[in-house]
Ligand SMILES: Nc1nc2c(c(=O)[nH]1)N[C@H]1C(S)=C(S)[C@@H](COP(=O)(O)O)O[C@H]1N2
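Here you get one chain, nothing else, as structure tokens; it is the form predicted alone.
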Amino acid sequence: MGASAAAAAKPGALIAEGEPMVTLPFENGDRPLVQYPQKRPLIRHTSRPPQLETPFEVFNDGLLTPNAAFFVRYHLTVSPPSPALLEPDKYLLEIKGSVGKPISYSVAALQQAFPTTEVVAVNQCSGNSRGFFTPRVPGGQLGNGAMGCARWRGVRLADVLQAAEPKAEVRQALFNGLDRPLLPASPDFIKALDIDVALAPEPILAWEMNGEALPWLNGYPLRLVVPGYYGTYWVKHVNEITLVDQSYQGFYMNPAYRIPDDPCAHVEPGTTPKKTVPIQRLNVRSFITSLGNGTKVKMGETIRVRGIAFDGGGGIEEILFSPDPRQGWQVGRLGESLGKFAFREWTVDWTPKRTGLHELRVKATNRLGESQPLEPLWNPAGYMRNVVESVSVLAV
């Protein structure tokens, strides 16, 4: 681990003084902008554990979110783990449980034992945009910045699991990391993937992010990457994989991180779902990134509106743009594809034809025909918001 990560372990390293503030676009008010180790100033929602949101303007700078700007989400108080636990001579990944050959690897041993692979994929927190839910729901009141897209490099999870010789009765793989709860009675953060998902080609055990070692706050030295799935499954500092022959019912699988058992994961506001299932794949989302609420534009002057779209791996097929709810939609242009799990750039040329406010909207559709609702859908956990987003600009 580099000197910057080692320095981060000193007492007080996660505390900043004289923090600038940012006003969030909903009732939650102000939040501090804080610069943590290996990070640029990010929006801090909590300090213990650190919950850091990416300022939204970052997403207009490119399809890959810089490591220093990538959001941070932890669940347990003793997080992130001390760098002393992550040094190469101490860190081991253990594969155990219902296997014929329990085995452990250092990161260096993984790199030598298996072919490397990489994938560009979006990591999005399940509660991204929770702060916009009406009625309000409990949990971190995030804006739209608890997401990011990076190029992840490592080894296929399936290769590692197969080396441990899974037994025929295996149903799930459980993943645990080195972060820990403060009190012994608190549940540890353990996630489960069905074995067919774990053995699919896409999930990887990654040690690299955008061409560099994972930042301390994003899972150094090794994290699980599950392309197309919400970030709750992307376990950081992963050091234990246990194969089991039954469905795991730990806290962070049940009752946490569950959604209404409905195609759109919603119920009527204020009600409780009759049945729930674990959250899994990302739904379709799109954003305008080049313009913010209150931006002034010149009437009669053509501007290029830009944004991003993504989904759970179906791949973005179409972008529709509307400059006003009273007008129809026009088809946008899709830009470079970095893969079906990545942010996809879109652009459209727009000429304001009147002065005054314009409510710009964007709507994405993927190759499976899945799209976005015009009205927000509600659920009691505040998960999976993917309403058609709008930005109000003023033509003068």
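None of these values were measured; they are calculated from a predicted model. Just count from 1 along the sequence shown to find any residue number.
This next part talks about the form predicted in complex with the ligand, which is not shown.
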- Task: Consider the chain as shown here, without its partner, and state which of Phe189, Tyr91, Phe114, Tyr248 has a heavy atom within 4.5 Å of the ligand in the predicted bound form.
- Result: Phe189
- Item | Heavy atom within 4.5 Å of the ligand in the predicted bound form - the one residue of Ser286, Ser129, Thr232, Gln172 that qualifies | Thr232
- Pick from 194-202, 297-305, 119-127, 317-325: which stretch has non-hydrogen atoms within 4.5 Å of the ligand in the predicted bound form? 119-127
- With a 4.5 Å heavy atom cut-off, would you call Phe71 a contact of the ligand in the predicted bound form? yes
- Find out whether any non-hydrogen atom of Leu157 is located within 4.5 angstroms of the ligand in the predicted bound form, and reply yes or no. no
- Although the ligand is absent from this view, report whether Arg258 comes within 4.5 Å of it in the predicted bound form, heavy atoms only. no
- Message: Can you tell me whether Asp179 touches the ligand? I mean in the predicted bound form, with a 4.5 angstroms heavy atom cut-off.
- Response: yes
- Can we say Arg31, His45 and Asn144 each have a non-hydrogen atom within 4.5 Å of the ligand in the predicted bound form? no
